[in-house]
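The chain that follows stands alone, in the form predicted on its own, written as structure tokens.
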């Protein structure tokens, strides 16, 4: 069995975590391909390496001295190297990085060095080959991963008789310029590697023992989800569940490779398994009809109204083209007879909203109204379609709590229900849904006593 094991920032935060990784890798000969993030925080006083590198870039860009930041980076990697008895030339590597930055290296190059240095150390500690992601993860001119080229390059570098460590988060453009992915992109690298090597399982090791039904910062001790589908994971991760980058699903889904979310700190916990189809297992052990609850705050709603709009052709498409023109990703478009509302992340509208509204007015709407501070909440579950009246039950519970529902969206397959509420009601809405529909009677009684 071939396994790709990706380790997140908390899993490689210090020498103690490196030792946990070594035990995990050595416990299963199938774990041959390891993808590493940059070192995360060891404790509250520590710093994520990626954050330090972004700070270094900001200081260097404006000519502000940042020797203290480089010293923190050096100290971080020297601590790992010396405690583990490694030979990685940390001082020389960081000196070279500083020289490249002084010569005008891009922010992508600088920020990628966190994964690069962490993986150098991890490869030596695991006695594995180090393969620089810049040499095997290839982007095309549009900035998308070129899977054909990546597959060819990576397969040429793999040694069948030895493990390999590959840095996550970055690759290279045609011509060799370093390009990073969005934050959390090491998940994507891991899924790309799993696709290329035809892995039997893609293990994503993090600091939580799988996907939880709800955010543990909002509800107490939510249970672990034992299994879910790619589509459920996509909905949950897109709407805010941060265990796995939502873009990491596509390379895996293409080859039907299961994803196993595991905890580096609890290696014996089986975690959460994500597959294309859970129906066979569901027949043996039926799941709760709600798989998970997730969401995000800070959306804006732009409502356009014009009498008899429903009888006109192309009005909505013209309006949506304006958002496309300003490169604003749209979350949802609930519509009525004479109105429709475009919901988009507020940060995507910063510096653009006045121009967008002005463009919309050119379409002769009777009114264009903008409302901010809206949260989008997703209730996801493949079993909801078998529960008649479940949407009404959710809405009734929120209504009894005095929570106003601003928008409602539900797919035909009834996989999820997405509602828009005020930011201030976000946490209470999650607690209400969780306590009413997920907690058992026994658990509710224990919580109230």
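Values in this document were obtained by computation on a predicted structure and should not be read as measured data. Numbering follows the first chain given and starts at 1.
Although not depicted, the form predicted together with a small molecule is the subject of the following passage.
S.K.: Given a 4.5 Å cut-off on heavy atoms, tell me which of 178-186, 291-299, 125-133, 193-201 is the interface stretch with the small molecule in the predicted complex.
M.R.: One stretch meets the cut-off, namely 178-186.
S.K.: I'd like to check something about residue 205: if you look in the predicted complex, is any of its heavy atoms closer than or equal to 4.5 Å to a heavy atom of the small molecule?
M.R.: It does not: once the small molecule is placed as it appears in the predicted complex, residue 205 has no heavy atom within 4.5 Å of it.
S.K.: Do residue 50 and the small molecule share at least one heavy atom pair within 4.5 Å in the predicted complex?
M.R.: Yes, residue 50 is a contact residue.
S.K.: Is residue 77 near the small molecule? Define near as a heavy atom within 4.5 Å, in the predicted complex.
M.R.: Looking in the predicted complex, residue contacts with the small molecule do not include residue 77, since no heavy atom lies within 4.5 Å.
S.K.: In the predicted complex, does residue 169 have a heavy atom within 4.5 Å of the small molecule?
M.R.: Answer yes; at least one heavy atom of residue 169 falls within 4.5 Å of the small molecule in the predicted complex.
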